[in-house]
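Shown below, as structure tokens, is a lone chain in the form predicted on its own; questions about how it binds or moves come after it.
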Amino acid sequence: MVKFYQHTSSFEHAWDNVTYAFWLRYPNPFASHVVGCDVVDRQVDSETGVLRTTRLIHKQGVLPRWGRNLIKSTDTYIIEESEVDPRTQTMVTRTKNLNHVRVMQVEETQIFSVHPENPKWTQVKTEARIISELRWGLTGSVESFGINKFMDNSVRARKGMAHILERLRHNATLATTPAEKPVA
């Protein structure tokens, strides 16, 4: 059995600002569980201009009581692969956990594009699959827990992005505001 999640959201910010904020989203107060994020590979396709990046994200969470017998470590490593196409103004990201996959595999795809109704905004389509290979009648319970946890984390992730976007907006405002003249 597999659990699916789909959600479409919007940011009232231009696509280039949202995709820039994506790279700066850690650390933020809504992602205290993220320990680190490292670029493993990055390249630009010289013909298409598409930027391809692979990152390794280290997260540390809290296990529910029932999960402590199944998983000994709360450390999780996530592989994130992304493609940014400046010509079509789309960014596609794919993430999946590298460990604990027998208990729960989480595969997420996000598509960032210019909002179809307002070109000054960005639309984000999120899809996720939660898969458990546990037996003994636990599969459905683990997948249900996983999808609920994913939905909660998605809300926090959007709040984190909004936080970074506001910081960028504030910093841009400060950078464009003329400095006050010192009093002599």
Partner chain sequence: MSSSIGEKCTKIKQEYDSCFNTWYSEKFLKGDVTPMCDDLFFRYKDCLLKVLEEKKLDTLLADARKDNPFPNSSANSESNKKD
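The model shown is predicted, which means the values in this text are computed figures rather than measured ones. Numbering follows the first chain given and starts at 1.
One more form of this protein exists, namely the form predicted together with its partner chain; it is left out here, but the text below deals with it.
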| request: Mind telling me which stretch in 115 to 123, 66 to 74, 151 to 159, 53 to 61 gets its heavy atoms within 4.5 Å of its partner chain in the model of the complex? | output: 53 to 61
| Output flag, Val39, Glu47 and Ile79 jointly within 4.5 Å of its partner chain in the model of the complex, heavy atom basis | yes
| said: Against its partner chain in the model of the complex, would Glu166 count as a contact residue? Criterion: heavy atoms within 4.5 Å. | reply: no
| said: Can you work out whether Arg102 and its partner chain are in contact in the model of the complex, taking contact to mean some heavy atom pair no more than 4.5 Å apart? | reply: no
| query | Can Val84 be called a contact residue for its partner chain in the model of the complex at 4.5 Å between heavy atoms? | reply | yes
| its partner chain contact in the model of the complex: Leu134, any heavy atom under 4.5 Å | no
| said: Suppose contact means any heavy atom within 4.5 Å; which members of 1 to 38 contact its partner chain in the model of the complex? | reply: Trp15, Asp16, Thr19, Tyr20, Trp23, Leu24, Tyr26, Pro27, Val35, Gly36, Cys37, Asp38
